[in-house]
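Only one chain is given next, in structure tokens, and it is the form predicted on its own.
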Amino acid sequence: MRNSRLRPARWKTAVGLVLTALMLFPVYWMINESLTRDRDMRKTPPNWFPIHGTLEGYRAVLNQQLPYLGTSLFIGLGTVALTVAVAAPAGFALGKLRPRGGGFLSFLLLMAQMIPGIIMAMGFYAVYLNLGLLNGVPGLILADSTIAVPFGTLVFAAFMSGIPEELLQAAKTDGAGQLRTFWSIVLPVSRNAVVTVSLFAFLWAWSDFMFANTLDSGGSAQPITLGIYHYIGNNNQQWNAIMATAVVASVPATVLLVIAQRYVSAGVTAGAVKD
């Protein structure tokens, strides 16, 4: 009986491993190609492992792509700061203060996430052209935040709605106002939501190409997505360097996902179950 129960579990595990391997194969091939010499790129059959590995591609990354990586890091951190600064108070208002029309506002936030990015990019371009914000980092931070703020507000609202009312009443009894209660009580206990929103905001800003290509294609400080785009156009024969750039650009996002996985799981599922 025990063996009969274990067989379905083993089959499910095996199928899961196969599907995971298929999904991760492009990542492995990217790493393999980044370590392969140029003359070995078009071998038939190809080398499944970097037999004669080289670090020439990574040297090219360090020499040419570091400014792009620094710009993306600055844009990502700026987007995180602006998103949390706007979404956390908004989520607190929706989750705890429950203002009149809060349900309709939540619906509008959901609708905002359905607007195609290209439409938003064109709108930003028309506005930035008049304000002089084109080809600049602040404009990209503001544009990327418009993608993250609606999502962040809904996550904060769902998480903060589960904070016990007794905790807020105790703060009110001690003389704390709404702002002090939010800053000293609500925000510290919302760590999982803060990490979740910050991570998604950073990843959106880090991987953004549409806003960057539309609003900052001629600027002096450009993100890594544009760096890879221009690098492919200028060096279409040096694929190991192109793949090395993609690997390096993927490292920060991968590290953040691994570190923050536990907080993300708790933050995303917050508010899904009511007592």
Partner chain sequence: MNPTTQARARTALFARPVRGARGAADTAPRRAPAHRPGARANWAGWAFLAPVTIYLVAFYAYPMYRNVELSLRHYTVRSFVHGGAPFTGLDNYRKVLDDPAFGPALTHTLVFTGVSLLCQFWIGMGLAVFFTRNFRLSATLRALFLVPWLLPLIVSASTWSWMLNSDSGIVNHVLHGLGIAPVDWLTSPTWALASVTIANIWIGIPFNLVMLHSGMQAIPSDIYEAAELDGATAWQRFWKVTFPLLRPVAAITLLLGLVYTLKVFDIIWIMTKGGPAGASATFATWSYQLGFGNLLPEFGPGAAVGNLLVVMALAFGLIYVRVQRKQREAL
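Note that this is a predicted model, so its numbers are computed, not measured. By rigid core we mean the largest C-alpha set that fits within 1.5 Å across both forms. Residue numbers count along the first chain shown, from 1.
The protein also exists as the form predicted in complex with its partner chain; that form is not presented, and the subsequent description refers to it.
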*asked:* Which residue, Gly101, Gly132, Pro164, Gly175, is the contact with its partner chain in the predicted bound form, using a 4.5 Å heavy atom cutoff?
replied: Gly101
_Considering non-hydrogen atoms and a 4.5 Å limit, which listed residue (Ile115, Leu73, Ala81, Ile185) is close to its partner chain in the predicted bound form?_
Ile115
*May I ask you to state whether Val127 is within 4.5 Å of its partner chain in the predicted bound form, using heavy atom distances?*
yes
*Check whether Leu154 has any heavy atom within 4.5 Å of a heavy atom of its partner chain in the predicted bound form, and answer yes or no.*
yes
_Contact flag, Tyr58 vs its partner chain in the predicted bound form, heavy atom cut 4.5 Å_ = no
*Contact flag, Gly136 vs its partner chain in the predicted bound form, heavy atom cut 4.5 Å*: no
*Quick one: name the residues from 135-169 with any non-hydrogen atom within 4.5 angstroms of its partner chain in the predicted bound form.*
Leu142, Ser145, Thr146, Ile147, Val149, Pro150, Phe151, Thr153, Leu154, Val155, Ala157, Ala158
_Val251 C-alpha shift between this form and the one not shown of 2 Å or more, rigid core reference_ = no
_Post core alignment: Gly218 C-alpha displaced by 2 Å or more between this form and the one not shown_ = no
*Compare the position of the CA of His52 between this form and the one not shown after a rigid core fit and state whether the shift reaches 2 Å.*
no
